[in-house]
Ligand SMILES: C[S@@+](CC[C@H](N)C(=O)[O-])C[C@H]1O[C@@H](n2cnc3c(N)ncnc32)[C@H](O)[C@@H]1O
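Next up is one chain by itself, shown in structure tokens, the form predicted alone.
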Amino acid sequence: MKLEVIDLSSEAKGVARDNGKAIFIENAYPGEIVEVEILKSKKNFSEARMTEIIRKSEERIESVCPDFYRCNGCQFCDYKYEAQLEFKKEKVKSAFKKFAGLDISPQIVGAEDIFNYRNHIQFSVKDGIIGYIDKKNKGVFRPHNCKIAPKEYKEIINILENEKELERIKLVGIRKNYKGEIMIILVTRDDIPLNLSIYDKLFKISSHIFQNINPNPRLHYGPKSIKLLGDGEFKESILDNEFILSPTSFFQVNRVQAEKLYKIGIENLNPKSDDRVLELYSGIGTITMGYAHKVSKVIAIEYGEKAVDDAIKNAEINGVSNVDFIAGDVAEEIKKLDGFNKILLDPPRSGAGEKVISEIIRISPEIISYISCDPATLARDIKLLIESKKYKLEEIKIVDLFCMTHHVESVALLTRG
């Protein structure tokens, strides 16, 4: 079947139409005419595999990664970076039109370096091979030259593939901090300590080695970690503050772009010495430390108890004493609070939701700075704020943290009025 690609879906699949029915085609780009094979056909749409490019998009380039067509990690290794940014602008614009009924013109902040930006990556282990899941056969393949992983991954895999206890390891995590130090996380299902024969080789390139205990194959990491090697804490830095990172701590994978994102979120607040700020979904306090010294008081709520423990330590490290960290469900804890003139929130992909938004409206801050990793849930929540008749949307900015992928981070500024 020959089709013309007219658009990209939110997950970066080419969109064509056949008698009005949407056809989603992987690795196809707008402006292309392609030959396809239908893989799945449903009532309202079909999924197809491209078998031939008859007319190629001007934005298509030769893939920068030799494993691109078998790996699920990236969607744009054969697409010009400028076109990727345009896709992300359109993705946010489309979400706001669909879910909030708003026409917006977002700005986008691109990355200066689009390669090897990830400071945290995970590799599966299967049949003695350490690497990524092959989307064609679900096996594991060793990447030849991953364009987004820390460059040290090759040497680490070389060493681990000769380890006799590799059969016990189910996942290998690698973290790289701002000093260039490497943490290696070896995930096992049991809690019997690993006794590796290659510690000395690994320790030449890594500062910390952990064993993480995770009996749940649906998750990358479990709650328990054992330090095998390494002195002191593993620390990361952003916005001129230092943060303790455990193997399972959440920290944005693109440090340089995350700093730009957080700066915009803080600038939205326009922090002043008499402000009382409520921060929701505060994690380990990464953003909190960037503005707390400029305001009178901060209350920060985070669901994960371990993250709150880390946040308290991070406040001590950075000399911040005017923040109270609360561990609990944001939707429940926010009900107990009032008297804040500004709110900053950075919720998970599911967004804040109606319960939390209704409490924000009750508190009625003069400024809301909303950082989001999903434009659809951001648009949904902003619609609720606007419909309250209390808030207006001032601007949306996009920061590209996840180059080569369809993922997008946005920051919204709302003011009371």
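Numbering starts at 1 and runs along the sequence shown. What you see is a predicted model, and the numbers here were worked out from it, not measured in a lab.
The next section is about a form of this same protein that is not shown, the form predicted in complex with this ligand.
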The unique member of Gly139, Gly328, Gly222, Gly110 whose heavy atoms fall within 4.5 Å of this ligand in the model of the complex: Gly328
By the heavy atom within 4.5 Å rule, which residue out of Tyr153, Tyr79, Phe340, Tyr281 makes contact with this ligand in the model of the complex? Tyr281
Is this ligand in the model of the complex near all of Ile287, Glu302 and Asp346, within 4.5 Å of a heavy atom of each? yes
Phe96 near this ligand in the model of the complex, any heavy atom under 4.5 Å? no
With a 4.5 Å heavy atom cut-off, would you call Tyr262 a contact of this ligand in the model of the complex? yes
Looking at the partner-bound form in the model of the complex, is Phe250 within 4.5 Å of this ligand by any heavy atom? yes
Contact stretch among 144-152, 302-310, 228-236, 87-95 - heavy atom within 4.5 Å of this ligand in the model of the complex: 302-310
